[in-house]
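Just one chain follows, in the form predicted on its own, and it is written as structure tokens.
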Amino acid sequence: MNIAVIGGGINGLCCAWRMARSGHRVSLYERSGIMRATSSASSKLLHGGLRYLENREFGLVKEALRERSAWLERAPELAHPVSLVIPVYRQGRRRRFTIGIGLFIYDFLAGESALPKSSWLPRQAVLERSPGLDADGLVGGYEFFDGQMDDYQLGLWVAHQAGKSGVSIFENSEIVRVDPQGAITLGSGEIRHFDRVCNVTGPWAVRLLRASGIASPLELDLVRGSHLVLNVPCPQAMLLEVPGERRILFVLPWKGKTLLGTTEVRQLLDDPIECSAEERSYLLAVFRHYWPDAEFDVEQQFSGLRPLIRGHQDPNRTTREYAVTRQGSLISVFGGKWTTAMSLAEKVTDAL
């Protein structure tokens, strides 16, 4: 079949690559440059989503853990295992037993993973892993493993693989209209016809349908996630509970610096996708709570816009699941995570 994929983020690129490998002729259209929006503004983790277990999204976590292993095997030069520690405090909202059960389930869902199982670390071991960590009330911590990657470079690697498989990639080619009969309209007014059209535009999926006069079968909540890069090294990656909340933040090593994130703030599609002063203060307050004597400067800040299928008032509890729908020759993707991009691509290919 002759297929158009609209969207040059990681999900669109994986869809195009997978379809080309199945023998289809694929053209991918991106309105700016590939991997320039949300897909390159992630937390740089390939993970199952430990916190999704609290929302009972066991199927998603199992799928993501399988895909985490696949990425580590697929591109070992761009993705590698990373050790994370969850420090456990007497004053924390989650007890040691609760965290331990969650990690047991996480390990179980991972199956025969090459990554080590989680384990308990005594108090002194946690402090040795992260000098300067607040010791008041610290009981110990759990160590577990996920994957870390350079999201932009790994996305470019996928684009290269797609190109080698025969995908034609058109950057700076905005699609302003689609229809269920397989036609797309470029910004220039040119109309092109395909056997199938795949709308994989992430946060812009619903807008493209509405601009085309097509009713969207699902609605999206758009949630901004902001990160800070601090100019100090991070000796140990950590998953931290936000004081007074059930939210968690990551503190990760990133190119010799410390990556801190993420926030979850609902916003409109036309609002600036940038870290607000409130988000910056929020992230820094958490970091200073755990490392009260640390000296650092903020070297960089960046934000991405995540498209979540609407389902809960609290963005922290909105589902991270994704959905693939079809209207005639038009296939649309709603939601999706970086880690599960190839799994999503399989489902979109099946929908052809």
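All values reported here derive from a predicted model rather than from experimental measurement. All residue numbers refer to positions in the sequence shown, first residue = 1.
The discussion below concerns the form predicted together with a small molecule, not included here.
Relative to the small molecule in the model of the complex, residues 158, 198 and 327 are all farther than 4.5 Å at every heavy atom. For the small molecule in the model of the complex, the listed stretch (224 to 232, 137 to 145, 121 to 129, 97 to 105) containing residues with heavy atoms inside 4.5 Å is 224 to 232. A single residue from the set 26, 283, 65, 41 has any heavy atom within 4.5 angstroms of the small molecule in the model of the complex; that residue is 41. The shortest heavy atom separation between residue 18 and the small molecule in the model of the complex exceeds 4.5 Å. The closest non-hydrogen atom of residue 32 lies within 4.5 Å of the small molecule in the model of the complex. Although the partner is absent here, residue 309 lies well away from the small molecule in the model of the complex, with no heavy atom inside 4.5 Å. Though the partner is left out of this view, residue 262 does reach within 4.5 Å of the small molecule in the model of the complex, counting heavy atoms only.
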